[in-house]
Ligand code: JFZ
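Single chain ahead, by itself, as structure tokens, in the form predicted on its own.
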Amino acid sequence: MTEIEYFKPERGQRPGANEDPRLDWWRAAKFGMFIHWGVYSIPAGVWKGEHIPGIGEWIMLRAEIPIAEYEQLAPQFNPVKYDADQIVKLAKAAGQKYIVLTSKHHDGFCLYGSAETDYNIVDGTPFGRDVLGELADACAREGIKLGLYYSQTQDWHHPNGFGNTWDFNEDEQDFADYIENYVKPQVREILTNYGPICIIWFDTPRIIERHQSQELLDLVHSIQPDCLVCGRLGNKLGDYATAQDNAIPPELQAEIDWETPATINDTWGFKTHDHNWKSTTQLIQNLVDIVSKGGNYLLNIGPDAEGAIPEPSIERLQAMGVWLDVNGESIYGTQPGPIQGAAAYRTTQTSETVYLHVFDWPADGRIALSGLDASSATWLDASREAALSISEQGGQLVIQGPVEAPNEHVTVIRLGR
């Protein structure tokens, strides 16, 4: 089996794939929304007139911006267009079942009112509102699960955090003190003050030691036993694996619980000059591809400095939701299907049904499949009027449909067993 790099928990730390019932909701959900947002949305990839290469939320590190200068972004952060209800309703319209917000990213700025630092949106900005609290309330109203990203190792603002080599001497830093007396209290805050949290999404473990990862895992589970911890906790610990950013394995990966975090353009945090938006078709096909291999798709939005969601993100998520309104039966709660490795097709399945996802509709409307038995073939889209015929020819299952592609993104055929 071809492997991609995973942040992959060791077997034996938790039950194996499809065994731990705490993940049942997550396995069924398939599709979530990531939100990367913070004061880095103000420079939006530009510092002192220079376009800084790389992803938007890493601008402090890429440009080696001194803390004294970067801190001046907080008094400018006044996202008056932030609307938690709008964000949650967008996720719901897109067919996303859970949301993961960056409560603290690598720049150390917190999107909630932390008692551990004034460098947060409540105490350090003119906005003065608890973004996380408002999102938690909106998620509760709409029945969407809320998860939180938290950078446990990299912190370019804290004197004992990892990564800032231009303001601090690494040899003089006390990372153990940072974990014990800053990270743990903040993790306790976000798990105590905002209701049920479905996921803690740790990231970039780097120098964190195994016992520190284990202690964070134990802390999360002691406060909220049902809260999942992603594999980027580090040291092969966590409840499920994450692939590299935007990476989709080339083959079936059903032996583990896994997720692909992904961007709609090229950056996570808002960046003014990144207009490389993936098409709706590509995003839907990515979702299908991932689910057909046993994974989840965590797709990101990056609001701008005013809190507005970029229109291209809205348009694509809404279009994905339109497709899922018709074809969601073939995604949610399914397992990888019997056909793997075909370029033009993907399959998912339930106990009674195989769902054939056609990426490239054949010019003659004829689909020939090997290694698959079916007693019936019907459109998943009930509005389709053109009939489908099914037969066996030369040891293959042959489905005959119309010449024109029924769906511009992915056509789904329901196969009865």
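What you see is a predicted model, and the numbers here were worked out from it, not measured in a lab. In this text, residue numbers run from 1 along the sequence as written.
Below, we turn to the form predicted together with the named molecule, even though it does not appear here.
Put simply, of 323, 240, 268, 109 only one has a heavy atom within 4.5 Å of the named molecule in the model of the complex, and it is 268.
Put simply, of 44, 374, 367, 55 only one has a heavy atom within 4.5 Å of the named molecule in the model of the complex, and it is 55. Under a 4.5 angstroms non-hydrogen atom cutoff, the named molecule in the model of the complex has residue 34 among its neighbouring residues. Interface residue remark: residue 149 is counted as part of the site for the named molecule in the model of the complex, having a heavy atom within 4.5 Å. Among residues of the shown chain, residue 97 is not one whose heavy atoms approach the named molecule to within 4.5 Å in the model of the complex. Using a 4.5 angstroms threshold between heavy atoms, residue 258 stays clear of the named molecule in the model of the complex. Contact annotation for the candidate site: 286, 360 and 409 all lie away from the named molecule in the model of the complex (no heavy atom within 4.5 Å). For the named molecule in the model of the complex, the listed stretch (158-166, 307-315, 243-251, 76-84) containing residues with heavy atoms inside 4.5 Å is 243-251. Interface residues of 189-213, taken as those with a heavy atom within 4.5 Å of the named molecule in the model of the complex (partner not displayed): 201, 203, 204, in sequence order.
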